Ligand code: GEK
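As a starting point, one isolated chain is supplied in structure tokens, in the form predicted alone.
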């Protein structure tokens, strides 16, 4: 369904992952996140290399399960557990409907990812998720993920980022807005959504993400994807 959530004049409500957002979410991602399709393609390739037989894969903040589907499509074998977690009941209901035939059959959990126990994980994904977690709680979450990864496990972390250089930040923001305009969003919609996400989506710099990951024990942190102000990292311990 076409995203027109911010097309009406007036002060927008704070952004929530409710039924209205869930209904238009695929279109919203396609038109709002530069390179989103390439991110999913990359997840398929990462899954093929890193998902291990008998292990678990966690999609934390799974929304409509696109990353989970990419893992299932990319993994060399279906002999693993796939767990998708989101605190939005509307998103989880749609996951159950959209992916009823996916193999391996995912376990969809409507829960707080901060309370999710990570165990025997060969791959954990935070795909555009950490930015919605309060900043002071992010260190603990990343540390818990690191502790639950197998020795050969990896973390995929995709985020919208901010830039320490204000000129670079302004340039990337304008290019992002140009991307949205090219995909049919009006200036009013762009401004309204930005206001709705104020103090809800809190981006950090690449340096801050790298430092947090290293502090959690990830010896290697590589950004494998970037488009404007969106970045995806792959992190592993050894």
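Numbering follows the first chain given and starts at 1. Because the structure is a prediction, the values reported are computed rather than measured.
What comes next is about the form predicted in complex with the ligand, which does not appear here.
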4.5 Å heavy atom contact with the ligand in the predicted complex for all of 83, 120 and 145 | no
Would you mind picking out the stretch of 74-82, 124-132, 161-169, 97-105 that comes within 4.5 angstroms of the ligand in the predicted complex, counting non-hydrogen atoms?
-> 124-132
Pick from 213, 66, 192, 46: which residue has any heavy atom within 4.5 angstroms of the ligand in the predicted complex?
-> 66
Residue within 4.5 Å of the ligand in the predicted complex by heavy atom, from 196, 29, 206, 202, is 29
Partner proximity in the predicted complex: residue 138 to the ligand, non-hydrogen atom cutoff 4.5 Å | no
Proximity of residue 112 to the ligand in the predicted complex, heavy atoms at 4.5 Å = yes
Is there any non-hydrogen atom of residue 25 lying within 4.5 Å of the ligand in the predicted complex?
-> yes
Decide whether residue 155 counts as a contact residue for the ligand in the predicted complex under a heavy atom distance cut-off of 4.5 Å.
-> no
